[in-house]
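The chain below stands alone and is given as structure tokens, in the form predicted on its own.
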């Protein structure tokens, strides 16, 4: 980690709808001078291409360049890891400590993490976060929810993870889609203990 950056935050984007939440989270973390470790699943790349005008490269080294340019990140501020990059720091509890956010979190990833599957780096990194008692925030975007989904959410909550559904509030009177995205990103930042001014806190003037 560069000396002038805050501790790293791992952001994993999986194949649920709502890739905009994860991309906005990366942007805000970069602006807050945090080092950001990024993992984007194959399914997430397909969702990003469907839901946005972005066409992010799949290869980690090219993805670093694209995200660095897009968000004006400092050299080395963004690191990207592939599906089976088992030498990444997030793959082991002896690696550098990092809070982790899976945003959005597909129900498939939710299931794998709840069961400790660790079939790819995203699942393994979440498993490490749980066993090391580090902050793990999962942002599912699915409706309706089956009993299976709910049981997995309960299991993860009992293990110490935070399940934060992508369910924007409306008391801040959003006028654009971006306002609704920022509502969820703000709630994630609250869980990470990172200050922000994305939306007014309850009781604050707009």
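Residue numbers count along the first chain shown, from 1. Note that the structure is predicted; figures quoted are calculated from it, not measured.
Separately, the form predicted in complex with a small molecule exists; it is not shown, and the next lines address it.
Proximity to the small molecule in the predicted bound form, taken as heavy atoms within 4.5 Å, picks out 46 to 54 from the listed stretches 177 to 185, 156 to 164, 64 to 72, 46 to 54. In the predicted bound form, at least one heavy atom of residue 109 sits within 4.5 Å of a heavy atom of the small molecule.
The small molecule is not shown here, and in the predicted bound form it never comes within 4.5 Å of any heavy atom of residue 27. Contact check for residue 12: every heavy atom lies farther than 4.5 Å from the small molecule in the predicted bound form. Proximity of residue 19 to the small molecule in the predicted bound form: non-hydrogen atoms within 4.5 Å are absent; the residue sits far from the partner.
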